[in-house]
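Only one chain comes next, encoded as structure tokens, the form predicted on its own.
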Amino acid sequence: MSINIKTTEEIEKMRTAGRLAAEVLAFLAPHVKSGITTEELDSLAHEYITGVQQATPAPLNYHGFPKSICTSVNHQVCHGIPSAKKLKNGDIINIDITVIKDGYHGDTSKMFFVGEPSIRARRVVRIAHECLMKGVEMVRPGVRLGDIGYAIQQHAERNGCSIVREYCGHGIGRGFHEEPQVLHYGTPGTGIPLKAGMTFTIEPMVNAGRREVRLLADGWTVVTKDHSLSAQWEHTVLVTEDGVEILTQLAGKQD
């Protein structure tokens, strides 16, 4: 396994790419409301990334993916393709943004409520965010990836939710997906130990029901098999000499 330890110069570029990805989510936030289509959100994001940020939307044409962002609604777990379907009151949606700036990737996603969500929807979204932050808080040199996965899994399962196992976090830098794979479940004391200079994503997919998923015929969209709601949050993080830096968190923001 070849893991890229980032140089000081590379880390600065990663900080820029991470900030830009976070800014796209902030830009889209006021547009996420009943009646808008996910295709319209994709167009807004594409124009903002390419025009305002002078950056590149990484998902577009990545292994054939047809859009610039991923939009996963309700029981869609991840990799949802923006479409002409309108969002409606009560929906929950994950918007996943990855930008490339000066050759480096910033990758982040967050959940949005459309109008007034159900109590169940609010709960799975909250637990998914708590899972992300419990994983992030574990990051520091010497901690093993299995420790992070275990902390995330335990929090989800203690709260009656489940962790999707087929998809995981990943190293990131010049490549969209680099080593290592970052599982959101695991056994303490296993997996590689973290080292300063590593950059990777933590992005737990948390289902309100069972953990089993299936891939739709479009070859991208992943949904829960039992049609239960699913929620996901994602950050790109840097392992520092004494802890962690979240590269995709805007100043003053808590999510």
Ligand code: MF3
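We number the residues from 1 along the sequence you see. All values derive from a computational prediction rather than experimental measurement.
What follows is about the form predicted together with the ligand, which we do not show.
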Judged by heavy atoms and a 4.5 Å cut-off, are G149, Y150 and R211 together in contact with the ligand in the predicted complex? no
Between the options R123, H79, R144, K134, which residue brings a heavy atom to within 4.5 Å of the ligand in the predicted complex? H79
The ligand isn't shown here, but in the predicted complex which of K101, H155, H170, H75 has a heavy atom within 4.5 Å of it? H170
Which one, 185 to 193, 24 to 32, 42 to 50, 57 to 65, holds residues whose non-hydrogen atoms are within 4.5 Å of the ligand in the predicted complex? 57 to 65
Does the 4.5 Å heavy atom contact test between L229 and the ligand in the predicted complex come out positive? no
Taking the ligand as it sits in the predicted complex, is H177 in contact with it (heavy atom to heavy atom, 4.5 Å or less)? yes
Within 4.5 Å, heavy atoms only: does C70 come near the ligand in the predicted complex? yes
Given that the ligand is not shown alongside this chain, does E130 nevertheless sit within 4.5 Å of it in the predicted complex, heavy atom to heavy atom? no
Out of 230 to 255, which residues reach within 4.5 Å of the ligand in the predicted complex, heavy atoms considered? E234
